[in-house]
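In structure tokens, the next block holds one chain alone, the form predicted on its own.
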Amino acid sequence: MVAASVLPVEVPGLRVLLETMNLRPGFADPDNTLVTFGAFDRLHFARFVILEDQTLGDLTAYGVAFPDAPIWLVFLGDCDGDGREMVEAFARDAAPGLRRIFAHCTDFAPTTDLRQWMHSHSVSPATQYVNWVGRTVLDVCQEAALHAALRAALPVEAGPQPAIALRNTLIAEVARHGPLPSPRPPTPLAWRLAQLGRAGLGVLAFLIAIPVGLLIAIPFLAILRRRETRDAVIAPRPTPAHVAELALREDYDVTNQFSAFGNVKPGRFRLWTLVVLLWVVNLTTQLIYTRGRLARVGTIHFARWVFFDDRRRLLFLSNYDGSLDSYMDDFINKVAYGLNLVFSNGIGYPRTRFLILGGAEDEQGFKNYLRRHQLPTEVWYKAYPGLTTSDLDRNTRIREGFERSAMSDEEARAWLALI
């Protein structure tokens, strides 16, 4: 993720330039001439979004202002492998187009070293979620091709036969004509060691948190509850024009993008509550929620929370399946407490009780809040259109069954049902 400030006078021209990258509003052409996303085979999703905060006026409810709030240009790529290597690839292979885009940023000049500039403007997330850790773009594409080949190889009319016999026939047919998925490379040792380190850190933090939590629980909850009863709720209906602008960039694929930007409630109490909670969430997304679900929600491909402006503002970005209404309903119905833990620390959020109750349970207030803070994503790219997280999970299970050396007839029947 690369972020740089943009002068207000540059914003209109930047929007026009970014629009040239699209097939439809906000929906990228993989072969566009500025950044040919389709040429980067480790890239799952990418986006350009301009962070022009329309809710700065809400700060007046707390007697503060942010008159010099920067406008940011964000370039994000969800990729396989090391993020720095991905930056190197973009700086090397998409330099002319990126130079034209970043020329609108305040500190970018024609003589600027693009590679060094991108590295110096890289931003790390406070929390990041990956639907299935270890599933690469190559895996997704090869597993989808394998599914298609197996489905095509199914006989039009198959007489009664054991499921294992039909499975063997399909495997033999694909083995002869392909395509066969390439072997997965081993998980890097450094990554495994880092995971062990995170797990150890998590256990240590939990052991420390127990006595500390008991010590501070009563004063923390007292201060929290006092603030919750006094915090301003600012969740009017978003304007029709804003909703229309957002809707214009949605539902071109089974997956959509989401970009939201807002202000953190002033004061160290709310800030450090948010920092600690995001740290905990990040630990769980790296150690627990790594196989297709974030708590009970399984429709998110990638998501991240990122602090801006010395932690005065927070950016939330995600790629999710289905419509925005179904996405919000999924969270409201399944993990409203999780939304409250994080987003209730933002200005204007529907009133909560002890961080987890209320809040998103006010369905219309929550949806108004979220939609109002949502920003149009200027450019959005997906490497595998038409595939949901459920499709990816099914295709992975098909591959695993295909590569198994032996299977019972009952297991073969279950595997064939996936095809």
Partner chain sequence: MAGADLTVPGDVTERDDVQALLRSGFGPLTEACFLLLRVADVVAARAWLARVHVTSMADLDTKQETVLQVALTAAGMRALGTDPKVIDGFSAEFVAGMAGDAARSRRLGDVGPDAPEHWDWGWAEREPHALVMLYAQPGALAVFREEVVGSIGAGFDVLTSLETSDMKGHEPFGFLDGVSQPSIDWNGERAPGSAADLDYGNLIAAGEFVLGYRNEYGRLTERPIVDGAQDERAAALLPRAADRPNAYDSGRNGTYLVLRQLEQDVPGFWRTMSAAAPANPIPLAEAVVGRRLDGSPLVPLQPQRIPGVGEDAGDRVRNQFTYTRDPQRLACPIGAHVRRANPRNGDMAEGRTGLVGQLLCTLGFAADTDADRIAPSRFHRLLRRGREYGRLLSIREAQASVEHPPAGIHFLCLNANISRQFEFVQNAWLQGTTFGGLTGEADPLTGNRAPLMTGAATDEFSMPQGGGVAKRVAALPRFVTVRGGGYFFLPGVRALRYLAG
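The structure presented is a predicted model; accordingly, all values stated were derived computationally and were not measured. Positions refer to the first chain, counted from 1.
The discussion below concerns the form predicted together with its partner chain, not included here.
Asks: Would you point out which of 32-40, 47-55, 64-72, 362-370 contains residues with a non-hydrogen atom within 4.5 Å of its partner chain in the predicted bound form?
Replies: Stretch 362-370 is the one.
Asks: So which of Phe302, Tyr289, Phe220, Phe269 reaches within 4.5 angstroms of its partner chain in the predicted bound form, heavy atom to heavy atom?
Replies: If I apply the 4.5 Å criterion carefully, the residue I get is Tyr289.
Asks: Among the candidate residues Ala95, Ala199, Val254, Met86, which is the single one with a non-hydrogen atom no more than 4.5 Å from its partner chain in the predicted bound form?
Replies: The residue from Ala95, Ala199, Val254, Met86 that makes the contact is Val254.
Asks: Taking its partner chain as it sits in the predicted bound form, is Asp325 in contact with it (heavy atom to heavy atom, 4.5 Å or less)?
Replies: Flag for Asp325 set to yes.
Asks: Is Thr106 close enough to its partner chain in the predicted bound form to count, meaning some heavy atom within 4.5 Å?
Replies: Flag for Thr106 set to no.
Asks: In the predicted bound form, does Asp329 have a heavy atom within 4.5 Å of its partner chain?
Replies: Judged by the heavy-atom cut-off of 4.5 Å, Asp329 is in contact with its partner chain in the predicted bound form.
Asks: Would Arg151 show up as a contact with its partner chain in the predicted bound form if we use heavy atoms at 4.5 Å?
Replies: Within the cut-off, so yes.
Asks: Check, residue by residue, if Arg24, Phe27 and Ile419 all come within 4.5 Å of its partner chain in the predicted bound form, counting heavy atoms only.
Replies: Yes: each residue has a heavy atom within 4.5 Å of the partner.
Asks: Quick one: which residues from 374-392 get a non-hydrogen atom within 4.5 Å of its partner chain in the predicted bound form?
Replies: Contacts from 374-392: Pro385, Gly386, Thr388, Thr389, Ser390, Asp391.
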